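Here's a solo chain for you in structure tokens, the form predicted alone.
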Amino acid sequence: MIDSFYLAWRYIVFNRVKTITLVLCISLVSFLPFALKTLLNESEHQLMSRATTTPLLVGAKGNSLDLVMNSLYFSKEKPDFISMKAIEKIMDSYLALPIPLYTRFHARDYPIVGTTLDYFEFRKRTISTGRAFAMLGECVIGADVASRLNINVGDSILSSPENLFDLAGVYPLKMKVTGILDKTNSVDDKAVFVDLKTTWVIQGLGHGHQDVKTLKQSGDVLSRSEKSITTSAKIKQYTEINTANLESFHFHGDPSIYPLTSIIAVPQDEKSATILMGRYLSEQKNQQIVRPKQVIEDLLGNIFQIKEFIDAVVLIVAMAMVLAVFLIFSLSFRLRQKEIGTILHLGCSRSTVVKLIGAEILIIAMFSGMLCYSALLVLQHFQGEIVHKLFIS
């Protein structure tokens, strides 16, 4: 049997182009269904793990899937905004703890999540290095943000403008990194967390500038009275918040109407959750309350319907590939009739020929299996990032 494998190996090495082609074809056909199953299982795990631990979500009426994906996975689809009054409504009900979220902005393609410290306790996130944000302009970053951007505690990160032609004159805010979260293999690893007020500063609802009372140049002050001072656009606005200029930062308008993208509502018990949902169904016309787990289950139901169709396509392609491989081997054996005849004339039995062909097929199958297994190991190593890019982002 060893002699059969040796002769088969020498033949394979001599016809390396045909062998490589066969190995790649068989490996690809074998890899596709396993890869699809791996990615779908990982997507289900990632989606359900956060949805299951998030009891209720409050947001503007509209597409509930966009609301859940933005609030739980910080996707780029932005739902309509709700106001801070929604926080007061939940607090006044004494039925749930509200955790506000404002996920409109980004810093170098990483989402900036405006929230409160309750979020870290709710998600059971701990800070590996540094501390939580404590004042305006401070941030806590995920483990992946820190490693990929090579940022440490004490460094800074800039918010990115929403577009290149920002007519409102909202400047990028330089935020100081005060802490780095422990790695959790979740979307929190790829986020920048700040206080809600910091996101409102990025939006331009609040700002800091020179003390207008001390301005002396006539071009800086357009008018001055006992009640107000009107300044020109030349007045210097701060793009970084520190202890020296913190007191100069202030907000305009009514804070109760400042925007939020959503609120995570953590009820005291299932009865409180049912009562709270009933109130939103009966009283609220512009807001909705959803169970993220139910929304994600509906999404996964659609995904697995697509998977069944893809499985059928992959099966048909696999059958076609098997037939093609069979045809290649058949043609190869026809072309090797003289070679096989020579082996028989040398006194070898037909079983020896069968062993040679079987050894050749076995070697090709072994290399195909090794290549497929290696590709699956690589896929499993990067499956979290691939799923986050393809299915969640």
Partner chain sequence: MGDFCLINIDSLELSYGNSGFRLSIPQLKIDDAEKVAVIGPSGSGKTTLLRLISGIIVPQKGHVSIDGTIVSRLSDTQRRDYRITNIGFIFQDFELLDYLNVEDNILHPYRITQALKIDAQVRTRASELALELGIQNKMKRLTNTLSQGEKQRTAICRAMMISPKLVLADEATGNLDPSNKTKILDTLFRSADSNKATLIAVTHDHELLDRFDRVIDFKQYCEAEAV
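Bear in mind the structure is a predicted one, so any value in this text is a computation, not a measurement. Residue numbers count along the first chain shown, from 1.
Beyond what is shown, the protein has a form predicted together with the partner chain; the following relates to that form.
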Looking in the predicted bound form, any heavy atom of residue 386 within 4.5 Å of the partner chain? no
Although the partner chain is absent from this view, report whether residue 61 comes within 4.5 Å of it in the predicted bound form, heavy atoms only. no
Does the partner chain get within 4.5 angstroms of any non-hydrogen atom of residue 348 in the predicted bound form? yes
In the predicted bound form, does residue 343 have a heavy atom within 4.5 Å of the partner chain? yes
For the partner chain in the predicted bound form, the stretch among 332-340, 364-372, 65-73, 33-41 with residues bearing a heavy atom within 4.5 Å is 332-340
